[in-house]
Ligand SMILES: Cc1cc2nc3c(=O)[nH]c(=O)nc-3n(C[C@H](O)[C@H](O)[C@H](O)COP(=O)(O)OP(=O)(O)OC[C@H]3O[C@@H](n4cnc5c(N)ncnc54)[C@H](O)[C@@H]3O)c2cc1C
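Below you'll find only one chain, the form predicted alone, shown as C-alpha cells.
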C-alpha cells in the first residue's frame, strides 16, 4: 500500500514561506571616519547571522530583557534556511521510545574523537529542552497517537535518535524562530555584511567593542560602499560554515561563514581538519543532500562519458549484485564519506567510485526508474536477495514495490515533490549528482558557554568548532539550538548586553577602515572571480575526501602565495555591491590557508585517515579492495588513537599561523549533582563562571 498524502500537506512541508521583516531602523547618529560620514548603530549584543542558531540566541536574549540586534548578509538565504535532505534530521534524546541516557547520548556524539566531552554532554542534556521549545513555537515534529515523537536511525546513530519535519526541517526551524523574533521586536539589519571585527585593548587583553559592516541601505555618494559602524559590548558569530571554500559543494551559493573574519581578529579556531563530504546534487542547479530514502529506495547508479556511453561503474567495485545494492541502501544512514567504510566492500566504496568517475570527467546519475543492474557473473537484482539489515528495514517500511521510484514514493513522497519544485522530475529522468563538501565540523574554539578566546565574542552553530571528527546526522541543528540558548543565558547573566553602549570607538573603527581601504584597490590585477576559482579548485582537488601528504603541502604553499599577493596588491572590485564580496574572498583565502595549515600539521605529525578524509600513503596500513583487486592508489593511513584525545588549534599570527594541539576537555560521568548543595551556585550565578569573562 502506498502512503496517500494530500497535495496541500506536501506543499506546506516543501514550500515554506518566510515572514516579512519589519521596516529597518534608520541610524540617527553618524561619525566621520577617514573623510566619510559613517552611520552608527548601537546594540548591547550584535548577532551576526539570521539562521536557526542566531535566531535562537536573539530570541532568548530578548526574552531576558537584553538589547539585541541581528545583522544578516541575506535573511532567509543561509544554510539552515536553504539546505536539507530527504527528511532532514533533528537529533535529540530518544525519550519517546526506549528512553535515553544523556551520558550515553554524549558518548555517541563524541564517539569519533577530537571533541570535548563536556560539550557533548551539554548538547545531549540540552536536546530535550531544545526540542520542546521548538514544538512550543510551532515546529511540526511528527507524533504517534499517544504523543511520542516519531524516530528513525541516521548517520553515526545506532539508537535511533533522529526525527524530522521533512526535507525542510531546518527552514521550518528558521521560520518559527523568525516569527518569534519579529513578534518580540528584535531589529534586523538585512543585506548587511560584517567585514571587520573591532576590539579595544584593555590592559594585557582585548575586548570586542563593535564591527564594521557594509550595508546596502547606507550606500550614498559620500559612502559608496555603504560602510556602517555597529557599536556593541557583545558579538555572537552565527554566520554558518565556509560554504564557498570548495568548488564541489552542496552549500547554497553565497555562504561564506565567519572563519576568516574571526582569524583576522585573533580568534582561535579548532578542528579545521574535520569536514563532511557526501553525495548530493550539484550547486549549479539545486544543491541537496541525497541521503535517507533517496538511496534507501535503491536506484540504479551509472555514469556517462564524454561520448555519451553509459557505464555501470559500481559493478567494477562490488562482487555481487546483492552487495552492491545493499551498500547503495546503506548510504541512507551512512551518508558521510568515512575512510574505514571503504574497507571490506563497505558503503564508502560507493563514494570512492563516484569520486573516481568525476575526476575521470564522467557525469554520474541516479535513476529511480531502474533497479541496480546485474553485476556481471552474478544473479539479477531482487528484493529477496538483500543483506539482512536492508531487507528488514524495507520490510518494516512496507517498501517492497517493484521499482525504486515506487519505493521512494511510498517511503517519502516529499522527496520527489521537492525536486519537482525546482523543475527536476526524478520520477521521469535520471538525477545528476556528485560527492560534495557539506559541513565544516571545525570552527571557532569555544567553551561550554560558547565563549571564544576574545572577551565579548561568542560563536554558535556551524561557526563554532564543537563537532569533533564525526557527529550523528542532525546533531549540528541540535547544537546550534542548545548553544544559542546557553550563549543567551551567559550574556544575560553578565549584564553586558542590557543596554546599548555609549562608547566612542572611532580609533578602532578608523584602524579597521584603513585595513579595508588597503585591501580594496581599483588598480589590482587580482579579481574576486580569480581568487574564487583558485581557492575552490585547490580545496576540492587537493583537500577533499582523498588527500595525500605531498598534495596538501603543495596546496599550503600555493595558498600562502595567494594570501601574500592579496596582502601586497589588494583586490579589485567593479562596483559598490562587489566590495563586500572582495573582503569576503580575502577572508575565504585566509580560511583556506588555515585549513590547509592544520591539515598539513596533522599529516606531518603522523595523522591518519578519519572522518571525512582518507590520507593516502604508499606505506599505509589500510587497502581498499574492489572486485577487480586492490586499489593501491588509495592505500591509506590508519588513524592513531592518541589523535582522538586532542584537537588542533589554529591562530593567525604576524608571520603566519600558530598551530598547536590541546587535550579534549573531559567530563566525569561518575559525578552526581545534589539539589541543596548545588542550588546556591545557580541562585548566585556562579555556574556562569563570569570571572573568566
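Everything numeric in this text was worked out from a predicted model, so none of it was measured. Numbering follows the first chain given and starts at 1.
If you look for the form predicted in complex with the ligand, you will not find it shown, but the lines that follow are about it.
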query: Among 178-186, 474-482, 526-534, 346-354, the region lying within 4.5 Å of the ligand in the model of the complex by heavy atom distance; finding: 474-482
query: Proximity to the ligand in the model of the complex, single hit among 235, 324, 250, 342 (heavy atom within 4.5 Å); finding: 250
query: Of 92, 592, 438, 273, the one that lies within 4.5 Å of the ligand in the model of the complex (heavy atoms); finding: 438
query: Exercise: residue 607 in contact with the ligand in the model of the complex, heavy atom 4.5 Å; finding: no
query: Touches the ligand in the model of the complex: residue 57 (any heavy atom, 4.5 Å); finding: no
query: Interface membership of residue 332, the ligand in the model of the complex, 4.5 Å heavy atom rule; finding: no
query: Partner contact for residue 79 in the model of the complex: the ligand, 4.5 angstroms, heavy atom; finding: yes
query: Check all three, 51, 194 and 239, heavy atom within 4.5 Å of the ligand in the model of the complex; finding: yes
